[in-house]
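Form predicted on its own, single chain, as structure tokens, below.
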Amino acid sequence: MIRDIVCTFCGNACDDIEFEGDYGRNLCPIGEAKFAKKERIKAPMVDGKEVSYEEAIERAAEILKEAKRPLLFGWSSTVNEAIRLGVLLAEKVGGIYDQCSSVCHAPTTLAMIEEGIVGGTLGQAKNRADVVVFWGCNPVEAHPRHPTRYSVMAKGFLTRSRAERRVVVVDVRKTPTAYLATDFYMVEPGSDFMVFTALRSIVNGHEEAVPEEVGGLTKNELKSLAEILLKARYGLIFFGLGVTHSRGHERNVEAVIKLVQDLNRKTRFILQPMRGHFNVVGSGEVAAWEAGFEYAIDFSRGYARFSPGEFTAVEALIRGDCDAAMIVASDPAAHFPKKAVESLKEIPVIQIDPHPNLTTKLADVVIPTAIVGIEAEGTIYRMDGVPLRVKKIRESDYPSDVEILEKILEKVIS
């Protein structure tokens, strides 16, 4: 029996997984899929032909050294030690470092730069929160163990049961999470900023300034929601892509941050973005240590420059700014817009990943690696910024991301 294993799928990073042989306990369905034995890239490839690791690494280093402005993208599904090497490599080759949050929670980062954030941990959600709000997110499907482990039904020290916890869901449709809610509020798409602003007016005692209807909610519904928030002993708002990707983007996040700041003048409230990949937080935190910024970092002038919309991967590819790309632990060909993928097809692409995917089909160099948290160990960040050590639970002939990147960096600087 191997205990206290960290699941390396979603931002929950559940650390209570147990394995006995091939059987895992405490896994959700998508966690089980992560640990299942899936199709692997069998050997390194260059131009579609199987080669040795040495040849693949040599060719990858050549591509990066010859490129004038390569893109180094991905990083959210690997360990912090590998991300650090990726930032160093981007600096050495004068490239662009970008990571998966540039297409999901980038507005959250921009809002935090402007306003800060009243943050907390999932432990506080479990042990203290008596009012939990899910705004524009659906953890039942995206983070399946979140409701039972950290929020809705979690048994905490101070809030000991579901009966002591009020759960509010705000969304544009009735999601599966809404069926767990004590209160459900359906808002109109793209109205989040207006609803947050109306709630701030009510919380601050200016309800006369609020119209009779805002974003699909009546004034009485807004007053009811504000009253729930104000009566919280310890409240917490989780928000997702429904907030960051609707009209307003980072302004929506700034508005909910300000709402939480206002609530903290009357009670205790914290805010937590629902992050997707298990180490998407690490791909921003480590870059911030090394270069001062979390994503969209350009090193082409010899120093770090930050400019979202200019140095983010999708925009840089669509404009044709990058003449090579290295993709680590990601599959942009499956998720990027068509024009960005077409640009990827026109330039040399290096992919470092355990499993075959759509990006593998267009990559010139493919380097298979060990699976993080199963065949390779390292440090990651949970969605709330808590660092965790992931274990190696089975042996593998594949090298880790860290080993591959160390060798590429060594050849680039030699």
Partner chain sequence: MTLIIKPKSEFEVCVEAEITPEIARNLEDAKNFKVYLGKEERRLEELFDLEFVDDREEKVILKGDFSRVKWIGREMKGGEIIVEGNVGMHLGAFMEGGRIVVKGNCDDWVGGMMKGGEIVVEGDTGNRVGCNYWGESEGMKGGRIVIKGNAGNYIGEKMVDGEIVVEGNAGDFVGSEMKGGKIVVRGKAGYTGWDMKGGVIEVGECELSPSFVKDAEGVWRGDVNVKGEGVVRILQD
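Residue numbers count along the first chain shown, from 1. Given the structure is predicted, the values throughout are model-derived calculations rather than measurements.
If you look for the form predicted together with the partner chain, you will not find it shown, but the lines that follow are about it.
Chemist: Consider F311 of the chain shown here, and say whether it contacts the partner chain in the predicted complex, taking contact as heavy atoms within 4.5 Å.
Modeler: Looking in the predicted complex, residue contacts with the partner chain include F311, since a heavy atom lies within 4.5 Å.
Chemist: Please tell me whether any heavy atom belonging to P147 falls inside 4.5 Å of a heavy atom of the partner chain, as the geometry stands in the predicted complex.
Modeler: The answer is no: P147 has no heavy atom within 4.5 Å of the partner chain.
Chemist: Taking heavy atoms and a 4.5 Å cut-off, does D171 contact the partner chain in the predicted complex?
Modeler: Flag for D171 set to no.
Chemist: Please check if E115 has a heavy atom lying within 4.5 Å of any heavy atom of the partner chain in the predicted complex.
Modeler: Yes, E115 is a contact residue.
Chemist: Among the candidate residues T197, S224, T182, T218, which is the single one with a non-hydrogen atom no more than 4.5 Å from the partner chain in the predicted complex?
Modeler: The residue from T197, S224, T182, T218 that makes the contact is T197.
Chemist: Would you confirm whether the three residues L72, T360 and P399 all fall within 4.5 Å of the partner chain in the predicted complex, going by non-hydrogen atoms?
Modeler: Per the other structure, none of L72, T360 and P399 touch the partner chain.
Chemist: For the stretch 41 to 79, which residues lie within 4.5 Å of the partner chain in the predicted complex by non-hydrogen atom distance?
Modeler: L64, K65, A67, K68, R69 sit within 4.5 Å of the partner.
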